[in-house]
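The chain below stands alone and is given as structure tokens, in the form predicted alone.
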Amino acid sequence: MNSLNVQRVAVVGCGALARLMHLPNIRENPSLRLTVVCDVDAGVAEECRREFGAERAESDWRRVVEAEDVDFIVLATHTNLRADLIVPALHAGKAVYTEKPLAAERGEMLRILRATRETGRPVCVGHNRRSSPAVLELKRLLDRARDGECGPATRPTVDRDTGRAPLPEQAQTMIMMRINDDVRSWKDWIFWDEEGIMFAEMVHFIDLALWLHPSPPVRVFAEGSARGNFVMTLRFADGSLANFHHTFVGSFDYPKELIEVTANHVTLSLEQHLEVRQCGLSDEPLRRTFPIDPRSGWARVEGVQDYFAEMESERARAVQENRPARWINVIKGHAEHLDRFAECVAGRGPNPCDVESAIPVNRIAMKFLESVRCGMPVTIGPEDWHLPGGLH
């Protein structure tokens, strides 16, 4: 790190995610300096150097690992490049922010884990929804619901609970995540990749389920096509359940993500990272809204209702002006996750998603793939989520 306390960053892999998220976020962050952009296509790397103001472009990631003017690397390639870069980068003293999934093979995950433990250098996995302001609010409310810190809860109109012993199920948490996707937005590789969308995309939501609920996972079941239309159920040791419903025959004009959680007679709902609603916590507001991405500053949105109204108006404007309708981007935590990791690298905060927490997510995603292929529930054992020798 240089004397001005600005961290020098290299981005390896200049595809759509890097161009849409990581490179603009680095450019707009005053505590980060974009030193290098690297892509196997030298022309693409040079184009990104000019567009985002990097100091130089490279086409060989090994030169990035060896560079003395890089504090941490953002790895935004497909999973065909993970441990081969991450392990030598850590031994060279560099921290690494890697896109999800961490790796597609168990041995590769362990190589990365061992390197983090040997070097003490941090690796952050891009499960960015952990850093979404709306998701953080959902988790805060869920923690309050479980802890019972909120004072007297609202009661049902008819309450027959008085004097009755609690049912065992009343201690459980139920999680539902609906992902409305559009197959037309996916690149062709996803349909040829052995793991497909069930692995490449659903690690986001499996990670959230494990992060939201502390009970160990014990079983999974998946039904449908791993390429896109499927339902998945994750059972926890305490009987709690997380259900994931993914479709890729939806429309992006409709909000992509809906999460609902119920616990201790509290119902929580997060929609499209724009608003969080709750019922059951009497001292909390029923609804909180969150801003859209500043890059969609042309829109005026406060919550889901405004989102629909603005989308309808934008479609009308687009027809009138003979142009494509603009997309309203929401804040899913990409910039916040990277900024939190930069603070971690600087010694000013925790790692928002370390390797120790990402490996169980990938292993469970593999169990879901096994389940959908064999058409049967698949057991999760401690060896899938527990990593021996970790920090207490």
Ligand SMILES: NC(=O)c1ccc[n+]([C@@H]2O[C@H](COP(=O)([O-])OP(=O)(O)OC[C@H]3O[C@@H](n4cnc5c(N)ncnc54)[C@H](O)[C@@H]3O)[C@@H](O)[C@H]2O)c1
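Only a predicted model underlies this, so the values are computations on that prediction, with no experimental measurement involved. Just count from 1 along the sequence shown to find any residue number.
If you look for the form predicted together with the named molecule, you will not find it shown, but the lines that follow are about it.
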| query | finding |
| --- | --- |
| Selected contact from N80, Q320, T162, S251, since only one has a non-hydrogen atom within 4.5 angstroms of the named molecule in the model of the complex | N80 |
| The named molecule: the contacting residue among A209, L270, A76, I73 in the model of the complex [heavy atom, 4.5 Å] | A76 |
| Close approach of G15 to the named molecule in the model of the complex, 4.5 Å, heavy atom | yes |
| 4.5 Å heavy atom contact, A200 to the named molecule in the model of the complex | yes |
| Non-hydrogen atom contact R33 with the named molecule in the model of the complex at 4.5 angstroms | no |
| Non-hydrogen atom contact S132 with the named molecule in the model of the complex at 4.5 angstroms | no |
| Segment that reaches the named molecule in the model of the complex - one of 295 to 303, 136 to 144, 271 to 279, 183 to 191, heavy atoms within 4.5 Å | 183 to 191 |
| Three-residue site R178, P255 and M366 fully in contact with the named molecule in the model of the complex at 4.5 Å by heavy atom | no |
| Interface residues of 105 to 133 toward the named molecule, as seen in the model of the complex [heavy atoms, 4.5 Å] | G126, N128, R129 |
